[in-house]
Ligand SMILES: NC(=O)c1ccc[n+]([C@@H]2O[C@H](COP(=O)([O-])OP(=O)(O)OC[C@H]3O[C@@H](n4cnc5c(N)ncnc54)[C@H](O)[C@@H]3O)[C@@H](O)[C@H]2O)c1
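Next up is one chain by itself, shown in structure tokens, the form predicted on its own.
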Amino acid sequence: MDAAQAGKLAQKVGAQFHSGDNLEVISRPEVDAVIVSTSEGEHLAPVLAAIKLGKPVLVEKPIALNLADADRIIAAADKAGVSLRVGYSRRYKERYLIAKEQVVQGRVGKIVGAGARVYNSRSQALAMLGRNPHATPVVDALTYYVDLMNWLLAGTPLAEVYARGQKGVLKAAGYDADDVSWAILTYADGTVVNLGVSYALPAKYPALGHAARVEVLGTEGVIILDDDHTDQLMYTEKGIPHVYLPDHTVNMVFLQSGTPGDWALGEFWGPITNETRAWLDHLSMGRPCALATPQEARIALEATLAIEHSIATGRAVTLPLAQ
């Protein structure tokens, strides 16, 4: 962690203290809950440190980049009796919350099929892979929609994954990651889900995060969610900063396409805000929340690893994965 950057952020937000050492902050007695939003490959140490101190944790997805680390986290939380949740912020985007309500109310009947695809620019992919080459578009981004489908299907087990991918600009940049990945997920009850991701669109593509489309097909209805934000177009000669990339700007942008949310009149609005408030209300008032459990996060991780394994081998992969 960069202590100088931590100091700048602390001054900006009026923090009571700051440090260049995550473990120092986690260990302070006045810290009674911990949000871990480190790079994808650095979740394990701070999560385990917080659990050891008996402090509830909200960790950004994915829970880990491999099943062994995920299992270490889950075992530690279970042994310590510590509350652990995983941030899959699509669950707290309003359109997906409302879709879940329709499913819960039975208005689409039994889900028999579904599909989702998400697009993003190569700029974000290269930044993500630069932090950790194992944080691929499948494991780090498509995981949102794996979790979303699992959530809508209310825990129906995933049985088989068949996937294909194609390499191009990301490989040319030095990373063993696919530009395009498509997968068919078959669940234990026969439900079939098609998922796709491309994080290799041109660097100045107008999305600031996810450009997505989600469809749910049931015996009594259908839900179609256009989450591309192409209906909210802005162009400015001054440039708009990217939500994740501090040195990257675009002139044309789909407003509200930033995955975590947006600043408006001094306040931050969107899925990350909703998710964080729901978690804090859950801890302080015992209110139920839709945040993923560590077991649900492990299931999503296993599915994304199965997608990558299927692409690599050219064969269908049955679940659970052998370790």
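Just so it is clear, the model here is predicted, and its values are computed rather than measured. The first residue of the sequence shown is number 1, and the count goes up from there.
FYI, the form predicted in complex with the named molecule isn't displayed, but the following is about it.
Quick one: in the predicted complex, does every one of S37, R131 and P260 get a heavy atom within 4.5 Å of the named molecule?
Judged in the predicted complex, S37, R131 and P260 all sit within 4.5 Å of the named molecule.
Which one of these stretches, 280 to 288, 27 to 35, 294 to 302, 60 to 68, sits within 4.5 Å of the named molecule in the predicted complex when only heavy atoms are counted?
After filtering at 4.5 Å, what remains is 60 to 68.
Is W151 part of the interface with the named molecule in the predicted complex - any heavy atom within 4.5 Å?
Contact with the named molecule, no.
Answer for Y144 alone: is it within 4.5 Å of the named molecule in the predicted complex, judged on heavy atom distances?
Yes, contact at 4.5 Å.
Any chance Y119 has a heavy atom within 4.5 Å of the named molecule in the predicted complex?
No, Y119 is distant from the partner.
May I ask you to state whether D140 is within 4.5 Å of the named molecule in the predicted complex, using heavy atom distances?
Contact with the named molecule, yes.
Note which of Y205, Y175, Y162, Y244 lies within 4.5 Å of the named molecule in the predicted complex, where distance is taken over heavy atoms; exactly one does.
It is Y244 that has a heavy atom within 4.5 Å of the partner.
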